[in-house]
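First, one chain by itself in structure tokens, the form predicted on its own.
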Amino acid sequence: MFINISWKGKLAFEAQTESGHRILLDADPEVGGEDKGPRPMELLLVSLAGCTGMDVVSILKKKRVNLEGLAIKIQAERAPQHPKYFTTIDVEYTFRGKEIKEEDVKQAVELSKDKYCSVSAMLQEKATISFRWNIANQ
């Protein structure tokens, strides 16, 4: 896997992924950026949400769960001193569908957390990550 990244002035960079997608990153104006894109640490949380979300949806589909929607909210705290890594991360899933069973959701989240999500496996080296969920059966 590879990415190419090129400087676009001030603190902005444009990344191109191996799959051909482009992402513009930038910093807050307070530190010299122009706020043209997300911060690198924000993208780590986006990666975590995407990784676990893809796992959970895939697992629930295999279990034939009638999932109609999934929202994931992540809140994180960072260390006060540089390098200001994440110290705690809270992942909250909201599942929407018909007759979604608690045990199916629990198993899917645990499989993602403990076995499949490479992003959470890496982040767990520094941060305490908590996982919780809500089920909105319709």
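Residue numbers run from 1 along the displayed sequence. Everything numeric here is computed off the predicted structure, so don't read it as measured data.
FYI, the form predicted in complex with another copy of the chain isn't displayed, but the following is about it.
> In the predicted complex, does residue 80 come within 4.5 Å of another copy of the chain, counting heavy atoms only?
Judged by the heavy-atom cut-off of 4.5 Å, residue 80 is well away from another copy of the chain in the predicted complex.
> Tell me, yes or no, whether residue 98 is in contact with another copy of the chain in the predicted complex, where a contact means a heavy atom of each within 4.5 Å.
Residue 98 lies outside the contact set for another copy of the chain.
> Please check if residue 130 has a heavy atom lying within 4.5 Å of any heavy atom of another copy of the chain in the predicted complex.
Judged by the heavy-atom cut-off of 4.5 Å, residue 130 is well away from another copy of the chain in the predicted complex.
> Applying a 4.5 Å heavy atom distance criterion, does residue 136 contact another copy of the chain in the predicted complex?
No, no contact at 4.5 Å.
> At a 4.5 angstroms cut-off on non-hydrogen atoms, which residues of 114-138 are near another copy of the chain in the predicted complex? List them in order.
Stretch hits, in order: 115, 116, 117, 118, 119, 121, 122, 123, 125, 126, 127.
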